[in-house]
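For reference, the chain that follows is the form predicted on its own, supplied as structure tokens.
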């Protein structure tokens, strides 16, 4: 049976989801975006996807706007919600309680995909609300599967903490490559060479981890010879006041900001 889906917001993540849904078939998709990019417009036209149609209740409404934009967008969102609409939010920080209060429905699921979903290598976290019906969770899994791994159902508190791992995680990895390149350049390497080898090393390590059944700690230990060069470097990075402490503080900051977004 063809499922009617409306996507509010066609940024990178929303666009990735839309392409996955159309490729999977059996959807009647419409996209609502006041300023869609040229790629979105061209793709929508070629894929016969309705762009900014008149609102009417749909089977599934997916809200993919930035949380800071959400309050202003509410009047444009509610006309898409009917008594049989499943609402899926992929906004950080906007709680199920707040969504239910301003949208007038409790049939809501929160999901947090991450940016590697744009190439089908992402992680999506799913927290269902109290008003979901039988089959709603599986519907959400089906919608998010084109992005990669789907984890859930989670309670909302766990979703927030897990988002600090997977939602923010790609930025941590990009920062690692950036800092490795800068450190090499600071020690005299050609900056472009340092950037290339840092990036290739992070990519290779991730690919090795993906193909291995060993835990990350075991892989780290396998390349850390006692008394060797890597051990000397890790002794600095793994000092209690270094990376372990920094990650604890980073997670606390992410969770605090998530709470702040819910009240803005």
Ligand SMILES: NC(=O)c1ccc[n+]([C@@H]2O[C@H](COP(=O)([O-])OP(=O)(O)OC[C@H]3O[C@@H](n4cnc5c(N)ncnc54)[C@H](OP(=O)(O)O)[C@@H]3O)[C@@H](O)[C@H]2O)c1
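None of the values given here were measured: they were computed from a predicted structure. Positions refer to the first chain, counted from 1.
Omitted from view is the form predicted together with the ligand, to which the following refers.
Looking at the partner-bound form in the predicted bound form, is residue 12 within 4.5 Å of the ligand by any heavy atom?
Flag for residue 12 set to yes.
Are any of the heavy atoms in residue 34 no more than 4.5 Å from a heavy atom of the ligand in the predicted bound form?
Residue-level check for residue 34: yes, a contact with the ligand.
Counting only non-hydrogen atoms and a 4.5 angstroms cut-off, does residue 76 reach the ligand in the predicted bound form?
Residue 76: contacts the ligand in the predicted bound form.
Do residue 85 and the ligand come within 4.5 Å of each other in the predicted bound form, heavy atoms counted?
Output for residue 85 is no: heavy atoms all beyond 4.5 Å of the ligand.
With the ligand left out here, work out from 110 to 118, 152 to 160, 175 to 183, 133 to 141 which stretch has heavy atoms within 4.5 Å of it in the predicted bound form.
Comparing against the ligand in the predicted bound form, the contact stretch is 110 to 118.
Among 65, 69 and 90, does every residue place a heavy atom within 4.5 Å of the ligand in the predicted bound form?
Affirmative, all three are within 4.5 Å.
Even though the chain is shown alone, can you say which residues of 172 to 208 have a heavy atom within 4.5 Å of the ligand in the predicted bound form?
Result: empty, none.
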